[in-house]
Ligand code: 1DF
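The chain below stands alone, shown as structure tokens; this is the form predicted on its own.
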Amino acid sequence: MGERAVTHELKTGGDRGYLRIATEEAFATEEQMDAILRLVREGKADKGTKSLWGFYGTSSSERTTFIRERLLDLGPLRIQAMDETGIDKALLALTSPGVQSIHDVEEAKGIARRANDHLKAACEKYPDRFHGMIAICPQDAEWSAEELKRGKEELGFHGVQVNSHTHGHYLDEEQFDPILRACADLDLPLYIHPQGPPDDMIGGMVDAGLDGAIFGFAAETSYHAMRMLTTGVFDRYPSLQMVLGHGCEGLPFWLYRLNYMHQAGIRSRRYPRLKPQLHNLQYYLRNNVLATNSGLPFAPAIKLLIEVMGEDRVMYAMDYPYEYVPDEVRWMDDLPIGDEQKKKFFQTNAERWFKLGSA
């Protein structure tokens, strides 16, 4: 994790035996950013959104200016960044919190739909470089199910990104079942991406400086994932694939204890929601969960993911533009894993699960 020497030039085109497909790359629209910043200004945003976008939306620092500019770009700047880091293809999704912080549901649906159309135009312009993920509005689950159908069948997109909670509510709740059913029926991977914890969870995280990507994101999103994993979602929809970034939000490291205590909780009959499931948590992690290493170019963590989840379920992501460090790509090229595993990690797992097609 310290200083490392530059080991090789980064090129696209597969000169190292694989293409590099980045599977958690963010974009924004002006309309989306304006709506979120208006919530912040009017005092209607939750604490997590206020902390995140009150900073990223207004700060004049070099990092935040770069991120705002690059989020809005779906053209030459992004292609140049991909070329400079040897990224052949990017799977693009509307940045967190999507439209999930917006209270006016009709406004939120319009922003999501227009963002999907905007992304489709970019994918058509750069068909060999960009692939789309569908933005939805979980506030209206039936509309979201229809937008998922449109996203796959009309726009040709490859999955959906949901930015974790929607006003403190989670996808395992009954009102969101149309979204889960549509993902399963349409064979669309469901990428659960972080946003700031809801107000009833965030506690003192903002004061501690720990509410965002440093910690709060993982705490909240792993909680969301555990709700999905422990309440029968994958027994109802055994083909559903849930994607988690940032090293599977830490769950593989904790798997033994999570599974042990989950089984103990079921036996105790303390919790009405914890009922026996068809399989244990290890089974679901190896059959219904996919992981990316977005923001985590850390060899020990990636090797653990592969060992726990299997080499077919772990994929590369850069997390552009929030992380844009060419040396991190070199570190991943130098991962101490076999050539076949490395090709799966960088290329063929993404092609398989997101149905991108082989180059």
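Model, not experiment: these values are computed from the prediction. Residue numbers here begin at 1 and follow the sequence given.
There is another form of this protein, the form predicted together with this ligand, and it is not shown here; the text below is about that form.
Would this ligand in the model of the complex be within 4.5 angstroms of a non-hydrogen atom of every residue among Trp53, Tyr56 and His193?
All three within 4.5 Å in the model of the complex.
Sole residue of His158, His246, Lys89, Arg78 within 4.5 Å of this ligand in the model of the complex, by heavy atom
Exactly one listed residue reaches within 4.5 Å, namely His246.
Report the residue, out of Thr166, Thr221, Thr95, Ser144, that has at least one non-hydrogen atom within 4.5 angstroms of this ligand in the model of the complex.
Of Thr166, Thr221, Thr95, Ser144, the residue with a heavy atom within 4.5 Å of this ligand in the model of the complex is Thr95.
If we take heavy atoms and a 4.5 Å cut-off, which stretch out of 301-309, 41-49, 330-338, 317-325 is in contact with this ligand in the model of the complex?
Answer to the contact question: 317-325.
Would you classify Phe217 as touching this ligand in the model of the complex, given a 4.5 Å non-hydrogen atom cut-off?
It does: once this ligand is placed as it appears in the model of the complex, Phe217 has a heavy atom within 4.5 Å of it.
This ligand contact in the model of the complex: Ala213, any heavy atom under 4.5 Å:
Flag for Ala213 set to yes.
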